[in-house]
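To begin, one chain is listed below as structure tokens, in the form predicted on its own.
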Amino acid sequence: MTFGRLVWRDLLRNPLRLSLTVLAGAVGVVAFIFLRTVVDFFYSGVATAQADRLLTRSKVSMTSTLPMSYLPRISLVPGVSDVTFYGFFGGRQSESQQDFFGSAFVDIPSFLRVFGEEVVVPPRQVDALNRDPCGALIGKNLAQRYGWKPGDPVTLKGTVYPGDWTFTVRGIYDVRGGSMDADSFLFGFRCINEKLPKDRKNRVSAFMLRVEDPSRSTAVAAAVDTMFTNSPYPTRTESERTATLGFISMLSSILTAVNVVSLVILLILLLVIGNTLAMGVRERTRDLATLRAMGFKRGRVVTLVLVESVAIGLLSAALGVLLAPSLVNGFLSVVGPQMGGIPQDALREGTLLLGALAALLVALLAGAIPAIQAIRLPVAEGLRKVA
């Protein structure tokens, strides 16, 4: 009997147990891929951050606002080619948490100049936005989610700015790369600023700057912050990548929990496969002892157990990777809007590969202890114990 047939015969010794082990392993692989997809989504903005864009916010905290009067002063800093701003609105369509999505007020013309390379809006809709102070520019995904189209009135319940605020959809944007998503609700600054009390007028959350030379971003950022050092509202200017990482750090406890759960899943997978292999080795004590009595060296017996372990890992990985796209994307379509607007196509090929490699590594580790047990038992004792 060849070595391959020997492995195959041992694998099929208990088909039901093998099937359940592979199925359990596949479930673990799918769960691992889903959690890694969630983590990858939050870090995706770091990879797509633009090198020529800076963000100026309050030095005190991300939630503090800055006066609009900073805008013309920032635009005069050498190296700044354009500047725009935004204000976090925090609106939702109903009291339900499921109807929460990113919403902000912006200056539409300057916003489209600064983000023009990645935000695509039909020219006719841009004209309509410029004519309507309360016109809304919404992402394509958000429009599909609620069935909104140009001309539709939309009333949002403000959280940062309490009350009911009615807008008219004037434009629907799509994105082509970059850090923008297609799930945001943007509207004109004038629409809200004119209705605010005096102490809240003319204040924004942050300014977005485009610099002429990305290699001088650090110098430009320092010049902006120096200009406001002794003002009542000092600023912190940082690259888009650094700003994104700062936002992610606010979610570090959540992401750490997700990573811990990912490791726990791998540990459970290790225990499941290890338990199956240990039972198989225990049932084959006589066979293994006989092989060693026939001249099988210890290394060959270890290889036999490890090959069986890797085979289970391969089957689990293959089944898990096969099922993951439909299951993960289906799950994201349900929970994605409540998890920061994770798109249904967030699953990456690299994540599938990582899940498969993790399953193989865990399977290999799971086979280590049973393999050692297989060679530690003396041959005579193994034959006598079963006989």
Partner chain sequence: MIPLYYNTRSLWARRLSTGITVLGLGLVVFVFAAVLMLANGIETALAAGGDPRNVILLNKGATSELMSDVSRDALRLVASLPQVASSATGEPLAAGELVVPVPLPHADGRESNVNIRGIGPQSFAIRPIVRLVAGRAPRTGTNELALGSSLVGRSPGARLGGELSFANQRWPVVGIFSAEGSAYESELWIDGNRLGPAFDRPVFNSIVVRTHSVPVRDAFMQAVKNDSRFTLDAKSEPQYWAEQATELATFIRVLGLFVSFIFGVGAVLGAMITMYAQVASRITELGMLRAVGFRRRSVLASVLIESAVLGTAGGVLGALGALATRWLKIRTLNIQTFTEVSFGFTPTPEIVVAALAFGALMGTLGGLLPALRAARLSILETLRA
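Positions refer to the first chain, counted from 1. As the structure is a computational prediction, the values presented were derived from the model and not from experiment.
Although not depicted, the form predicted together with its partner chain is the subject of the following passage.
Partner contacts here mean any heavy atom within 4.5 Å of its partner chain in the predicted complex, and among 262-270, 104-112, 119-127, 311-319 they occur only in 262-270. In terms of contact with its partner chain in the predicted complex, the residue from T303, Q144, S249, T155 that brings a heavy atom within 4.5 Å is S249.
A single residue from the set W165, F88, W148, F296 has any heavy atom within 4.5 angstroms of its partner chain in the predicted complex; that residue is F88. Heavy atoms of A31 reach within 4.5 Å of its partner chain in the predicted complex, making it an interface residue. Taking non-hydrogen atoms only, V60 approaches its partner chain to within 4.5 angstroms in the predicted complex. Shown alone here, A368 lies farther than 4.5 Å from its partner chain in the predicted complex, counting heavy atoms only. Though the partner is left out of this view, L12 does not reach within 4.5 Å of its partner chain in the predicted complex, counting heavy atoms only.
By the 4.5 Å heavy atom rule, the three marked residues R5, T290 and T351 all fail to count as contacting its partner chain in the predicted complex. Shown here without its partner chain, the chain has T159, V160, P162 in 133-170 lying with a heavy atom within 4.5 Å of that partner in the predicted complex.
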